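First, one chain by itself: the form predicted alone, in structure tokens.
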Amino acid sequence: MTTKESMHVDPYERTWIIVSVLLLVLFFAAVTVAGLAMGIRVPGPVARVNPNTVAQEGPFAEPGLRELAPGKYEAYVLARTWQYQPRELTVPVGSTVTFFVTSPDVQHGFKIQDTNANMMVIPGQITSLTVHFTRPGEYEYICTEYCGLGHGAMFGKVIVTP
């Protein structure tokens, strides 16, 4: 036996090892480019709230749209069992809207159709995500987590005006 023995790996197995390593490198590069160059971020909790009192105090007592500057908005959305409050938001085209969403009851989802906005809404936690609306139209938002019998009727919309 020599000191420099090589590993004897079947060529078929070696091919799949190389393919697996290349896929890992490709996935890492894609996540890095999406996060750094394209500004895509994963929605996450920005604050904790008491789900029993969230609808009585603070910005969620009167959910809706608040204009910060021309073209910059904050939207406070309360996801309750089988309804979103507010059901409708209207912004001009070219607006950037930061959505703050929470729930006082059960876990919900919040997905805005035709955008990359999709987040989980957990009671006691405020989740945030920013969307830039570049085209006029109606963008429905729907619940993506089964929340009970009325789940199919849980929707709203963002109206982007020209």
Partner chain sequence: MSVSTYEISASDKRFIGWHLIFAVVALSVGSLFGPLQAFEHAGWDLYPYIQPLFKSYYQGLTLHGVLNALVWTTFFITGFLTLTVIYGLKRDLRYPKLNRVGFWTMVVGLVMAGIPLLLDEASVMYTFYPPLQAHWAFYLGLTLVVVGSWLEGWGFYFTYMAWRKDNPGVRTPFITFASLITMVMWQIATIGIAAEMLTQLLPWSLGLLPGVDPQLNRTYFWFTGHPLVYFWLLPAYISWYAMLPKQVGGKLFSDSLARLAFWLFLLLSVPLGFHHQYVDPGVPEGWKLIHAMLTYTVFFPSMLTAFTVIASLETGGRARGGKGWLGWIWALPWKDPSVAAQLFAGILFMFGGISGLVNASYNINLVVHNTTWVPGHFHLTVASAVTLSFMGISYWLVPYLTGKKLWKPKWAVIQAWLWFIGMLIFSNAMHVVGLLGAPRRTPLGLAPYVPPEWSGHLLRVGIGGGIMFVSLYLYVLIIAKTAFSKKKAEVDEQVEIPVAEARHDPQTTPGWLDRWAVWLVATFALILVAYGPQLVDQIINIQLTSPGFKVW
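Numbering follows the first chain given and starts at 1. Here the structure is a predicted model, which means the values were calculated and not measured.
The same protein also exists as the form predicted together with the partner chain; that form is not shown, yet it is the one meant from here on.
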Does the partner chain get within 4.5 angstroms of any non-hydrogen atom of W82 in the model of the complex? yes
Give a yes or no for R41: in the model of the complex, does one of its heavy atoms lie within 4.5 Å of a heavy atom belonging to the partner chain? yes
If you check in the model of the complex, is N52 within 4.5 Å of the partner chain, heavy atoms only? yes
Applying a 4.5 Å heavy atom distance criterion, does R48 contact the partner chain in the model of the complex? yes
For the partner chain in the model of the complex, the stretch among 55-63, 32-40, 130-138, 91-99 with residues bearing a heavy atom within 4.5 Å is 32-40
Restricting to 134-148, the residues within 4.5 Å of the partner chain in the model of the complex through any heavy atom are E140, I142, C143, T144, E145, Y146, C147, G148
